[in-house]
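Before any questions on binding or motion, here is one chain by itself as structure tokens, the form predicted on its own.
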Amino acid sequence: MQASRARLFKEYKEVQREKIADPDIQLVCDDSNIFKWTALIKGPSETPYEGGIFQLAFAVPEQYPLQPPQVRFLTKIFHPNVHFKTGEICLDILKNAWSPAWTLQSVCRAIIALMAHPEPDSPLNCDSGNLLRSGDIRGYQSMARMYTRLAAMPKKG
């Protein structure tokens, strides 16, 4: 547990330095628990998520970095690799392709890349996956854009 704490403190310091360097990711550690983090990530440009701000929750295991963090979307998102109700993310680096070289920041980067390049063949959201697999890109994009407007954009007025 000591090693994971030291690693997380190191990442915390790194995040403080990176704040300006990476405007797409705002990673914040819980004040009372170094194993709990949240992130705000910007939807990638030229995707249906553009303009949206999506909140992620990180639960970091005591065996970190030997084991991956559990990450889920707190913001509703229509994406084939994200469970619509729970926010669970289907991403290989969070499962069997994890490496201790990954950091919380690089996990956020990978999630942003997944948002831009969905994998419809391993869907957690079958509706979204089926739209893409059947070639209905327009249907997928309009649903994803609608949920981005409803859940990930600041309300006007």
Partner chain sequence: MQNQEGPKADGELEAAASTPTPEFDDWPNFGDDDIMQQQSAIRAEEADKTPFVGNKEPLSSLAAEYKSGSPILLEKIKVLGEKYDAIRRTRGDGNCFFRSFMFSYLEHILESQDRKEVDHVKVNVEQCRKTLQSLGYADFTFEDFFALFLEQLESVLQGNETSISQDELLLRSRDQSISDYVVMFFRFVTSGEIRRRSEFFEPFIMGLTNTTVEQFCKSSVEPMGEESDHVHITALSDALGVPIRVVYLDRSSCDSGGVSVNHHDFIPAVGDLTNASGSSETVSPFITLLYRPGHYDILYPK
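Residue numbers count along the first chain shown, from 1. If you're wondering where the values come from, they're calculated on a predicted model, not measured in any experiment.
Separately, the form predicted in complex with the partner chain exists; it is not shown, and the next lines address it.
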Worksheet item: Is P100 close to the partner chain in the predicted bound form, meaning a heavy atom pair under 4.5 Å apart or at it?
Response: yes
Worksheet item: Should H117 be counted as a contact of the partner chain in the predicted bound form, where contact means heavy atoms within 4.5 Å?
Response: no
Discussion item. With a cut-off of 4.5 Å between heavy atoms, is G129 one of the residues that contacts the partner chain in the predicted bound form?
Written reply: no
Worksheet item: So in the predicted bound form, does P44 come within 4.5 Å of the partner chain, heavy atom to heavy atom?
Response: no
